[in-house]
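Below sits a lone chain in structure tokens, taken as the form predicted alone.
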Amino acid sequence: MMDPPPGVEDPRAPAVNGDTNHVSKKLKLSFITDSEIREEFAHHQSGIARINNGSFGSCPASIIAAQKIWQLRFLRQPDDFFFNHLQRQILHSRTIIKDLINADHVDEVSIVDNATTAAAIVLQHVGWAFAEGRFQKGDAVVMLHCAFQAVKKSIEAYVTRAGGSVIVVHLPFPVNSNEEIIAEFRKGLARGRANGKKVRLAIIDHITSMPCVVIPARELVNICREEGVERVFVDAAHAIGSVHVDVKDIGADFYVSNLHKWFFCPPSVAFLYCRKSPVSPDLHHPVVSHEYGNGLAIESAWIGTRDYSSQLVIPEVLEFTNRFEGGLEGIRKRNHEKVVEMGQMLAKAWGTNLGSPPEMCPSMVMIGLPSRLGVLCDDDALNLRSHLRDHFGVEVPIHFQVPIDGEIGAMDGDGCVTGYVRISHQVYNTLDDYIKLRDAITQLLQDGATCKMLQTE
């Protein structure tokens, strides 16, 4: 493990009661081997092609062990840990994140449970501005139609009930270029400014979830600046470890990414970057503790008695990624290359296409399912997903693409493609995982199965 800087607690150190159960230091002589990777993820359920890292991530055994050490350090002597160690350790984790994302100052980085919490923080702040009259009734929040449901519900809970309006930007899918996204986004901003209203907040996904596409976040942020949008929040739940993240280059006011999806942390933990500005003191965690008013980062570092260990293992996670050639960036690039390769293999086998060009794919890819399967609604997609899990041992999300009025959409040799699989690639995946999915779909087609038939099983 990486040695902590001076003044930062080392969880490997023996406890004062003489317990010497700790993680040993090992001299790193070479990069991690395939057998070591298998050992790190041996706790994954055997027999399952787990090609859905995007939903919940994956935590290596060595990080689970490190987390247990932190948990025991607290449980042995919680008062000492709370008063003398916890905040220093969280600051150490925040400092690592600051460097990873190229933030200017550690005060701009808060650690929260997940992207849902971060969205609540930002939208609570915007809701207060409407409720207190700093924003005018009817002023707009602009969001993408494929934003996370939790974000949509937070807008409903905090913004619309306080008098704000919502403009939804519908993005095309399948998509062929960034220009298609940019054009639709400009139209959405124009609708938000209609009748003399102002766009007070734009919410931009860095990577949409379903369907999965890398959004040109920096370009959209720049357009917001040109058009006078008050604040910009980039919801990048899937980003760190899956695409390159440089918050200064992106230029948003707020940026959140989960650390348990593609950065190997145990669930759940995320960072929220808030660029220093005059509104910074008005950002607050929705769970109010005795730290209220001491700044968002400090408020977030104590929201009552709970398990903070997922926030404390960030140094160990960074060391884990550095066991791979090229570190986190090397992992990200190899995952991208492999998932595109696997996606193209599946599309060729099924006679369909990718949902977006390779350059618009992160470590996940959308692949059209053969139209003969008849994915005609969200229930069909869910039933097919369950069938693949229960009968073929394949864990993969299925997306139903609602046909847009007047547009045919993607086609295969038998009709309109309305179903897509979203495959992920992480370091533990192998070719066999994707072969298993390929052969499962092929078998269903050979059996003449459709989603309507699966509903009656």
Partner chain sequence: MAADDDENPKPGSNYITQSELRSEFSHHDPTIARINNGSFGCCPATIIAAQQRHHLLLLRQPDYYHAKLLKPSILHSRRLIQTLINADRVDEISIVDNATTAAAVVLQHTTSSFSLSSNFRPGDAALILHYAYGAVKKSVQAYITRAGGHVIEVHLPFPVKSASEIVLEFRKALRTGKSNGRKIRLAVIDHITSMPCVIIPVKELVQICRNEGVDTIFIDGAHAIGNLPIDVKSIGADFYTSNLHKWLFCPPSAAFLYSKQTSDELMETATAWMGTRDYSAQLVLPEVIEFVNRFDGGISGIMKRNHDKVVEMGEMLAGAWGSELGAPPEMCASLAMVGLPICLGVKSDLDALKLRRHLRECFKVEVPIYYRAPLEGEVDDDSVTTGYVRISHQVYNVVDDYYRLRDAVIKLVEAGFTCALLSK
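From a predicted model like this one, the values you see are computed outputs, not experimental measurements. Numbering follows the first chain given and starts at 1.
A second form of this protein, the form predicted in complex with its partner chain, is not displayed here; the remarks below concern that form.
Check: Does the trio R225, E227 and F324 actually contact its partner chain in the model of the complex, every residue with a heavy atom within 4.5 Å?
Finding: Spot residues vs its partner chain: no contact at all.
Item checked: Options 230-238, 272-280, 333-341, 109-117; stretch whose heavy atom lies within 4.5 Å of its partner chain in the model of the complex -> Partner-contacting stretch among the options: 109-117.
Margin query: Quick check on this chain: which one of R218, R372, R134, H170 has a heavy atom within 4.5 Å of its partner chain in the model of the complex?
Written below: Spelling it out, the residue with a heavy atom inside the cut-off is R134.
Notebook entry, point to check: Of R200, H85, H92, H284, which residue is found within 4.5 angstroms of its partner chain in the model of the complex when only non-hydrogen atoms are counted?
Noted result: Comparing distances to its partner chain in the model of the complex, the residue within 4.5 Å is H284.
Item checked: Partner proximity in the model of the complex: I64 to its partner chain, non-hydrogen atom cutoff 4.5 Å -> Yes, I64 lies within 4.5 Å of its partner chain in the model of the complex.
Note to self: How about V288 - does it come within 4.5 Å of its partner chain in the model of the complex, if we only consider non-hydrogen atoms?
What the structure shows: Residue-level check for V288: yes, a contact with its partner chain.
Check: Looking at the partner-bound form in the model of the complex, is F254 within 4.5 Å of its partner chain by any heavy atom?
Finding: No, F254 sits far enough from its partner chain in the model of the complex that none of its heavy atoms falls within 4.5 Å.
Checklist line | Contact flag, V166 vs its partner chain in the model of the complex, heavy atom cut 4.5 Å | finding: No, V166 stays farther than 4.5 Å from its partner chain in the model of the complex.
Notebook entry, point to check: Mind listing which residues of 73-100 have a heavy atom within 4.5 Å of its partner chain in the model of the complex?
Noted result: Going through 73-100 in order - heavy atoms within 4.5 Å of its partner chain in the model of the complex - the hits are F74, L75, R76, Q77, P78, D79, D80, F82, F83, N84.
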